[in-house]
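One chain comes next, on its own, written out as structure tokens in the form predicted alone.
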Amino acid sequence: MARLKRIAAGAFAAVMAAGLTACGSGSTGAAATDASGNVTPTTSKAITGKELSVMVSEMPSDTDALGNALSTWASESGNTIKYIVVSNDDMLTKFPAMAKNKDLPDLISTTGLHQLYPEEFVKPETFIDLSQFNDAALRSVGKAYASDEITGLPDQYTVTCMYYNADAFEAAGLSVPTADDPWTWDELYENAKTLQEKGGVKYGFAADVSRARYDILMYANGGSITEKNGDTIKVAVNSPQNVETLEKFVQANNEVMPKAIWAGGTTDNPVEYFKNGDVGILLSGSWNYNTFTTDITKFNFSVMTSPKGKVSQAAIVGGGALAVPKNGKQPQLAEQFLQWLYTKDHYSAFLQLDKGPSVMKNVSYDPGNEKATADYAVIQNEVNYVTDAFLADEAAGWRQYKDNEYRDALKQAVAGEVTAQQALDGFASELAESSKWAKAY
């Protein structure tokens, strides 16, 4: 998921420098926060005159949030930064060898290494107060896959959300749902028909062609991909709840969605359909917001709260984390940077470039105008709809066995090649065979 960063780097550095507080290196003992939300290091002795080696997936641009944070910290603390650029895919293959040879950097910006190899990383709780972080962010982005250990601190954070064409809503006479009064998914499908009939759009609803977008409907209806009982995991993707969800999704594709996209008849992107004014409601994610602000000129758009299923509202979060290898040359220096970054002033400045949902409880992104501020409040609130079922599925790590096959099964159902039951039964059997888990249904 892409980060969108468009604020001048100089402004970021100025804000960071203005709020700079010297942080120590402490590597043992739990950290605490003061009344202002700033971390109290375990030791007051600061490290200076050293080089912090940081592994990243690409060289930071001038407007990169993490890159600017590192540069500002280095300048203020008297340290320097050395970047080691390794693509995300290559990190997965190279990291085990680097760990075996004890040839690791001091800090890694990663989308999963700390979750796959938790034994290789310092536990953040030993040097920073984890209570200041959003729990869903910690559990989904920072937690190891096979245990409840937090092994990384989330920095890049994204959440799924619902965009809508405000002009089409007005023309169709629809009121916008709110967190206090959300639509149900059945109401969304019905209102999507109204948008097509009266709102001047070709399609009432569209969703990214991603199983993660479809899964929001599944989780809202009480479904899941796996079920866990003690240490036993079972495949549950073909549960009655999931079959019913997929049946309604297939129907929606036939009635209010651009069916060719999910049916595999075209490679068109539904995001472009929304930007062109052809779609009334889009299920996508927070990473699109700033692009929409720039690219959408034909109509007014905004963000609305997610619909409620039979059980709850649902959202999916993702992103990356910053993790400290135990066997890096200077883990204490990396800890010092992280203690500095996750203070209110410094992380606020980070968000001004990152423009994503906040991973900290006492910090939020301020877009600087009334409309965007209201939209981001809705986006940030979506984080509260992350379900326990999603977190349990993430912990199960089912995608290491099968992944794209799931989306392909959904697409087959939409295309009418198989029924919803057949599609999910088929994928359940594939996942069970690969994972050696029994099927629950």
Partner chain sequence: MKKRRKANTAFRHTGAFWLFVLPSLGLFALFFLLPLVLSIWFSFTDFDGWKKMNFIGLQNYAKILTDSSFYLSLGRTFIYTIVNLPFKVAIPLLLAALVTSKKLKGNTAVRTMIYIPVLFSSLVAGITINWMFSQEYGLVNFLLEKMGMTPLEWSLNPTLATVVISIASNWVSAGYYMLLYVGGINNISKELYEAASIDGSGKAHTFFHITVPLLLPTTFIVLLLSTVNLLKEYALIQGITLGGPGTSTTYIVQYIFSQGFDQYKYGYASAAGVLVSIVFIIIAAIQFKMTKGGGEV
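Only a predicted model underlies this, so the values are computations on that prediction, with no experimental measurement involved. Numbering follows the first chain given and starts at 1.
This protein has a second form, the form predicted together with the partner chain, left out of what is shown; the following refers to that one.
Partner contacts here mean any heavy atom within 4.5 Å of the partner chain in the predicted bound form, and among 318-326, 265-273, 147-155, 67-75 they occur only in 265-273. 95 is the sole member of 289, 169, 189, 95 with a non-hydrogen atom lying within 4.5 angstroms of the partner chain in the predicted bound form. Interface residue among 259, 355, 213, 308, judged by heavy atoms within 4.5 Å of the partner chain in the predicted bound form: 259. For the marked spot (99, 117 and 415), a heavy atom within 4.5 Å of the partner chain in the predicted bound form is present in each of the three residues. The partner chain in the predicted bound form comes within 4.5 Å of no heavy atom belonging to residue 185. Residue contact with the partner chain in the predicted bound form: residue 278 places a heavy atom within 4.5 Å of it. Under a 4.5 angstroms non-hydrogen atom cutoff, the partner chain in the predicted bound form has residue 433 among its neighbouring residues.
Using a 4.5 angstroms threshold between heavy atoms, residue 61 stays clear of the partner chain in the predicted bound form.
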